[in-house]
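Below sits a lone chain in structure tokens, taken as the form predicted on its own.
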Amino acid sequence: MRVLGVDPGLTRCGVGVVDVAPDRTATLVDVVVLRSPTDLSIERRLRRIADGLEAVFDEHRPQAVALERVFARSDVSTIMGTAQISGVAMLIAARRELPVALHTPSEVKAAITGYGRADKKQVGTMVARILGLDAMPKPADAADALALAICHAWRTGGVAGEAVRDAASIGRVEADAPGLTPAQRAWIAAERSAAVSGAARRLRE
């Protein structure tokens, strides 16, 4: 399964492409950080990132796309840029009829490190280990994009994803369910936390 991960951002946008086998073995295909100068107008910055994304899509022809789910932050300008680039990436994927999945930071951290509150260094270190790299991908946007791609492949097509889906199909997804690895347990906890947060937000609306 070839997955393209996008860590969206207007100033820096991480893009990582990985091939993941059914046994969860992951191989690096490409990783790049697209940039747009802050002195350009917003429409030109969006076009610059979009052009870079389209080039990566066309060169590597992914089978699926994974993006970080956008959460509200105190910095409005940052969240706006992140949301805008997320929309650009989803549009590019939709035009190629590719499935798009959104993953929360906690889901990605749990999938990659087994701990939903891991820091960026821990995530980068594990990404390098999973991909067999000599050094941690830098900057962090690059590692985050690769982590998103790996997380999505494992969740939807790998052993971890199968275990969670099988448990869900019979209505007994519990963090302490037998047969789950520590990473899978952390993953379930992260998903449950995200669901609760979403419900809380809806109640406040």
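The shown structure was predicted, so the numbers you read here are calculated from the model rather than taken from an experiment. One rule holds for the numbers: they count along the sequence shown, beginning at 1.
Form predicted together with a further copy of the same chain: not shown, discussed below.
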Going by heavy atoms within 4.5 Å, which of 149 to 157, 28 to 36, 44 to 52, 133 to 141 lines up against a further copy of the same chain in the predicted complex?
44 to 52
Quick one: does M90 come within 4.5 Å of a further copy of the same chain in the predicted complex, counting heavy atoms only?
yes
Is there a heavy atom of A128 lying 4.5 Å or less from a heavy atom of a further copy of the same chain in the predicted complex?
no
Indicate whether S106 is a 4.5 Å heavy atom neighbour of a further copy of the same chain in the predicted complex.
no
Decide whether A64 counts as a contact residue for a further copy of the same chain in the predicted complex under a heavy atom distance cut-off of 4.5 Å.
no
Check each residue of 81 to 95 against a further copy of the same chain in the predicted complex and list those with a heavy atom within 4.5 Å, in sequence order.
A83, Q84, S86, G87, V88, M90, L91, A94, R95
